[in-house]
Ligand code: ATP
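Next up is one chain by itself, shown in structure tokens, the form predicted alone.
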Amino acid sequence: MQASTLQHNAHPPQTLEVREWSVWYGQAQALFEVNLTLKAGECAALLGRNGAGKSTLIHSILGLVPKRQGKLSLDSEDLMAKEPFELARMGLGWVPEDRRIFSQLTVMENLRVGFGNTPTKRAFSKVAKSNFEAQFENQLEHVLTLFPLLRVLLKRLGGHLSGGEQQMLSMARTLMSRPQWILMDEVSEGVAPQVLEGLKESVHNLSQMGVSILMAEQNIGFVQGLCTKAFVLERGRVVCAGEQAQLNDPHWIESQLKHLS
């Protein structure tokens, strides 16, 4: 598969930074002074067993957890006061663990929701509507180049897709909004082994195109050869971090990630 060129923001931020990041659910603290940096084009893995804090970290970065403390910035721009929809407009995309596709909508309708509703009110001129549709078709073609399997499924209801197809649709729908940063939560979970390689290739192509990816994963095989670095979480803390060479070293994995095997 050849990587396509997705349309993104004209001047995307270069660094997503989390510093001394702590998160609470009510009175219970879930994350403890987490530090990580993600540069443009990097693909980083958040590794850890269930309950380690991977999903909490992603949700809190997106503003989906109310009680947070620390520093969150894009190129030194403070994001702490930003609402989730504002972060989305700034180029942060999210592929949730449970996919959250619309089962009663077709694949095409799901992708259109990801791009935005078609302007239909009289206030919109015919020219504006035409431009909107042209932009939609252009972005759709880019996304279908990354996920060619969806091209033959455009009329199928989301609820009638396999687990792997639903995961591809969830990722493709996120890409329709042209994000520059994508946070993925357990994208390999529940996906058949024969589908995983194609999914991995799509993520790789995204990274090659300059999209920054932070993915929470338990499947070490999925992130090997894909991610450029990894952060290992245990009980809400980053207990170790490694670069790509270490991530691909079985001895490092054996010593640092025993609890994930």
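From 1 onward, residues are counted along the sequence shown. All of these numbers come straight from a predicted model, not from anything done at the bench.
One more form of this protein should be noted, the form predicted together with the ligand, which is absent from this view; the next part is about it.
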- Might Ala30 be said to contact the ligand in the predicted bound form, defining contact as any heavy atom within 4.5 Å? yes
- Query: Could you tell me if Pro193 has a non-hydrogen atom within 4.5 Å of the ligand in the predicted bound form?
  - Reply: no
- How about Glu165: is it within 4.5 Å of the ligand in the predicted bound form, going by heavy atoms? no
- Message: Is it the case that Ser207, even though its partner is missing from this view, gets within 4.5 Å of the ligand in the predicted bound form, heavy atoms only?
- Response: no
- Query: Looking at 36-44, 224-232, 51-59, 199-207, which one sits within 4.5 Å of the ligand in the predicted bound form if you count heavy atoms only?
  - Reply: 51-59
- At 4.5 angstroms, heavy atoms only, are Glu17, Phe85 and Thr174 all close to the ligand in the predicted bound form? no
- Quick one: which residues from 94-110 get a non-hydrogen atom within 4.5 Å of the ligand in the predicted bound form? Glu97
